[in-house]
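Subsequent text provides structure tokens for two forms of one protein chain, presented individually as structure 1 and structure 2.
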Structure 1
Amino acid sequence: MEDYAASSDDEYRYSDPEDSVDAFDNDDNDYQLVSSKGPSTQVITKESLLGAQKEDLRKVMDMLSVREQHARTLLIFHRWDVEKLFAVYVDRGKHFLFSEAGVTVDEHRDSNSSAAPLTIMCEICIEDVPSDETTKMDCGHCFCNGCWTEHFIVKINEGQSKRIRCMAHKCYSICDEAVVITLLSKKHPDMAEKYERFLLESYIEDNKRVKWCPSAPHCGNAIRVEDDELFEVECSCGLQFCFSCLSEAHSPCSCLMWELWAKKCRDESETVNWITVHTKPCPKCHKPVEKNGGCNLVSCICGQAFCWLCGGATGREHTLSSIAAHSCGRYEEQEKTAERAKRDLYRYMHYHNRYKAHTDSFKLESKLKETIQKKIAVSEEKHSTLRDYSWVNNGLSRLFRSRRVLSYSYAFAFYMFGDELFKEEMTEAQREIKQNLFEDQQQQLEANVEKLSKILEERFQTFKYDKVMEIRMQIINLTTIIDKLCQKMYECIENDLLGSLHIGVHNIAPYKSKGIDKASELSVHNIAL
């Protein structure tokens, strides 16, 4: 193992997130490491959602000189991807951009109304209605307000409220949202409110850069990322999650690996495996029978006797070495299947036990936070010359972070070196080399994490000054070593393991030395409304 040393204390800022979905519990806002880098993720609250939407709308309105409803129609069509929208505008031109999205900018509704007839026949209900009870859209089509209103209600109930098309045959223009709201508000204010809410929430529902926080109960926040979707983030409610799949933060597992592992841990499939390994079906009633003695002649509760070795029905006459009129020395495929099931079960138990052990250790070590604060308070009174105890909190935060990495690393290894995902991607020799490389790094990390855990449990508040300084240097050095080892493990996974495969669906969120990024609050004061 490389000899890592720290020249000075790392300076970190802490907050402590709340429970993640299945594995780790996070409590109040005390110690979680966060990046000092500028905010690449932002929290959008109910109050700032409108401002966030206006920010993108303003960009399009200024660039294309269009009204707000047309800018929204364009953005909804392009899933709120402003850069993509502008790219289409540059490459294909304004006319293509508008027609593709169903935007009509010809203001037919604002034409001279003095020449309009007193009554107009609505082509939908085929009735003559007063002209002041009709509405003409930007595309030029005019129908009675009653037909328009019913059309809007049907489309909203069908879930098409964000892009309601004109009723005219083969007209693909999108109806003006201001007209929709005005007509609905007269007789159906609840539908108008629902329509406005759908338009507002489309900024989240249709935007690949914005997703709802998956907290339960829901905190009401959404998260916007500026960079890659493959990202782990902490919401202001304290929940840490993977932005790509919305599961709990699970690196170094890929999203698919974590989905399979979580399902495997929830399912009863392993119970089925246990039954396959430890029982055999009765040849008469087919119920599983467990052997509870050394004799290979077993009896089911239905009364049927059968041979444990081959599963065949037999009589009850037998000696210590044989069953009367029965011989089963030949190889049977079912024995091969049982052995394979047994091997797979033991392999799963190996990885799951270690995954669970680190998960449980994390939960127990979380109780150290309050204890350590009390130790620090006592030690500060005892050693007046030593006032800086940030090294203790830094070590504790590094312990929490590395426990998570270790726990998920066993789920990663289960699929990386098993037959379920990459059987055709590696030869047995290649698999063995890669597994040895990974497990060497995993064991180094595990050994140093256990050392750090043990030292942090020391009663340093009772020690003399020299002993406290010795523990201080041990924690600082271990904190640095563990950080480097985590970084090396991620590099190994990205470059030597996943990077060498032809399957591109297995990518992992990058390692963050200072912990998962905490999303900053989006300030509506910085947005031109």
Structure 2
Amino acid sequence: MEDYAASSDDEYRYSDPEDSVDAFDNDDNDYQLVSSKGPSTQVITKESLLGAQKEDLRKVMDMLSVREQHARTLLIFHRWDVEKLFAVYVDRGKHFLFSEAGVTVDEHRDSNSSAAPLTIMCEICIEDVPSDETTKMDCGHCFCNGCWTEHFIVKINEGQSKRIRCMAHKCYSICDEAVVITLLSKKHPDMAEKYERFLLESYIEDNKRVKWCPSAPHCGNAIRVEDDELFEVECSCGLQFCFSCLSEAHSPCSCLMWELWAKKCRDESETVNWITVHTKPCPKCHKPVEKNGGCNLVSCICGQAFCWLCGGATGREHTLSSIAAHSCGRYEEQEKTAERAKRDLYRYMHYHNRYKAHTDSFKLESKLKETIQKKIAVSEEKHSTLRDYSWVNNGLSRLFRSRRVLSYSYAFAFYMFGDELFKEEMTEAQREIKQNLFEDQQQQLEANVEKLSKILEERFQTFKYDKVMEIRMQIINLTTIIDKLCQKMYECIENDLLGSLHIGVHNIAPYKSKGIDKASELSVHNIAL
């Protein structure tokens, strides 16, 4: 998994190590256009967690007319999937739903009406206990409060808070949380607190629609989604991430592609590969020696001569094609593997260089943010009639977004047209057609992005009015064209490339013209508690 740098400190960000995989921090936040579509993702903070949970509890309580603690036990069992819970209710009935989750409702609670004996022998501690110091759970099993309390503590310490079962053998009933809290609170308020926190956090940890924001240090938030489609999201702390794999936003790479790519970039093995492709160890001193010149006799600085093809030590007497008194057998096989390794390495370097060029540009362009604000200020002074500079800001955010897309599109292409994932999926000819189709789009996008980048660097604040209007038109046009091209490239990826795959499902987060969705704050006060 990726590490996330705390993204509040700009200085820190720009000093990212050269080869950092997470080259894109979330620098385009300030330029986010207001999303027109209603938000489908929400931030759950420490404060709103309780409210968020109550929403779902309320639905179940209303539907099944049960108390809150039973609703929670049911929801925990069904991993907070209200729809699934209701489906089980409809298909299998209330009795099945309850017993499956270990909920017993009030069947034995009213036994107080009959005259209770003064003392009861607790079967766990074998002590006679005054009956008002015993507790009967909903399942009907009654033990002394001391035993219950100890049982709860052991289970909480074992990490079983969310499903503490009754103490009786083969009773699968879940202990009523209200009872657990009441009994613990008497002597162990710290444990009661711990227990309540576990129950609360179950809403995040056992819920496939809610995930902790992966920020480090952790911002304390979780994100909730409405449907389980793959997408990328921005937490209110500013971190943008893939909801599915929780690493940095990586569309149009699928999660698997991104995982492989990030690993490949991190691995030193690629550098090691370069050495194995281009050098051979000296048979005497074992230093790597590069081949120089055409013949296969190479010499190490230690003075040892050896054969480049098999690595064996030789004398110095040789012709272009043979070395005296040396017969070399492993030529062809060695040459072949070396060739393949070299080809693979060059292929990776091709894609990585372009990937990196765009991440580097992105870093440089991030600095444009400040300079452009200054330029706008100067220009405003100069041309009193020109008030609207949204075209610059829109152009800039378009640039940031398309840089991301471009950069990740190289990692995508590396896997899409490589052997690692889809070798069996297409013939060499099909692959070539698809690759041409894709690269066509990619190149068009690339050309326009570079154009936009260049224009945005122009010193428009020094221009005359007419020239400013001209540059304004150019930027507006490019902004629109680039958006269209990104869209087209995604269509190509979704329909012509990934859409035609037979094995392995590769989903990618859809293209968002307006940038990655920001999760909205969950407004708790709207929820009837």
Partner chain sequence: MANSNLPRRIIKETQRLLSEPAPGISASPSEDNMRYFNVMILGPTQSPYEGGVFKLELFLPEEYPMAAPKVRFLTKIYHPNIDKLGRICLDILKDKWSPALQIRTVLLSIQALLSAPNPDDPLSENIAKHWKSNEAEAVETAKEWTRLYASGA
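Take the two forms, find the largest set of C-alpha atoms that superpose within 1.5 Å, and that set is the rigid core. Counting starts at 1 and follows the sequence of structure 1. Note that the coordinates shown come from a computational prediction; the quantities given were computed from them, not determined experimentally.
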Legend entry - Of structures 1 and 2, the one that is the form predicted on its own: 1
Legend entry - Flag for C245, CA shift 2 Å or larger between the two structures after aligning core: no
Inset, instruction - Would you tell me if A216 moves between the two structures by 2 Å or more at its C-alpha, with the rigid core held superposed? - result: no
Inset, instruction - Answer yes if the Cα of C300 shifts by 2 angstroms or more between the two structures on a rigid-core superposition, and no otherwise. - result: yes
Inset, instruction - Once the rigid core is superposed, tell me how far the Cα of C285 moves between the two structures, in Å to one decimal. - result: 8.2
Inset, instruction - Superpose on the rigid core and then read off how far the CA of G312 has moved between the two structures, in Å. - result: 2.9
